[in-house]
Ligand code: 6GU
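The chain below stands alone and is given as structure tokens, in the form predicted alone.
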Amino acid sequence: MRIDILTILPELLEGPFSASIMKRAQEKGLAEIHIHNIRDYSTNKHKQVDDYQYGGGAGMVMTIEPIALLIDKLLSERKYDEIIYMTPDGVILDQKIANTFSLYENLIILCGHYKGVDERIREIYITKEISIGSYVLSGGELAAAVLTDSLVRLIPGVLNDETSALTDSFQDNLLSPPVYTRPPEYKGHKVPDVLMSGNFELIEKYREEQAYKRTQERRPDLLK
């Protein structure tokens, strides 16, 4: 999988992809993550990528030309399955979306800033608009990192145990059950006996019951 992330602040994305699972995915050749600086495509001598909005009002708007030039360049090099814009008014990211995107070969992710991008970029190029929650961030970089992490970890071979992703919260519309490790007792709190019984049929039943109970208590909307 190849992911091209378009941003005016590439330094914000250096950390999330240089460690842990994201780093291993790239080292294994399972994911390519390319960060592009939109300013490099500005024809303005000051490399300006924003301007005042028509109609007045507070806040600047990301201009069309540098974004369009960059996207056109990428589209001339390969076919993309989706061109995604990270925006608070997009569809809320969930596990189903991550599962779908993880099956694609090439994605472009555009990070917004200021009051957002000129609407015509959305009309001409964007095929999906994604939000990570009902709140506003300073820019789309952190949201792009969240989206990228959520789908790259699902690519076969990225996780050491591929079955791990299949038992994550939300994969079956249930939250994950509680998990424990050593020691078996800590400050009077004990690991449930069934988990140490060695009876895998009972353990699986216990985990299913706990997953349902936790979902019912914390996210009853998922059970609908």
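Worth saying up front: this structure is predicted, and the values here are computed from it rather than measured. One rule holds for the numbers: they count along the sequence shown, beginning at 1.
Just so you know, the form predicted in complex with the ligand exists too; it's not on screen, but the next bit is about it.
field: Non-hydrogen atom within 4.5 Å of the ligand in the predicted complex for each of I83, I121 and I126
entry: No.
- prompt: Would S131 sit within 4.5 Å of the ligand in the predicted complex, counting heavy atoms only?
  reply: Yes, S131 lies within 4.5 Å of the ligand in the predicted complex.
query: Taking heavy atoms and a 4.5 Å cut-off, does T87 contact the ligand in the predicted complex?
result: Close contact exists here: in the predicted complex, T87 approaches the ligand to within 4.5 Å, heavy atoms only.
message: When the contact criterion is heavy atoms within 4.5 Å, does L151 count as touching the ligand in the predicted complex?
response: L151: no contact with the ligand in the predicted complex.
query: Do I71 and the ligand share at least one heavy atom pair within 4.5 Å in the predicted complex?
result: Although the ligand is absent here, I71 would stay clear of it in the predicted complex, with no heavy atoms inside 4.5 Å.
- prompt: Considering the ligand in the predicted complex, which of A143, A98, V117, I108 comes within 4.5 Å of it through any heavy atom?
  reply: By the 4.5 Å heavy-atom cutoff, the listed residue in contact is A143.
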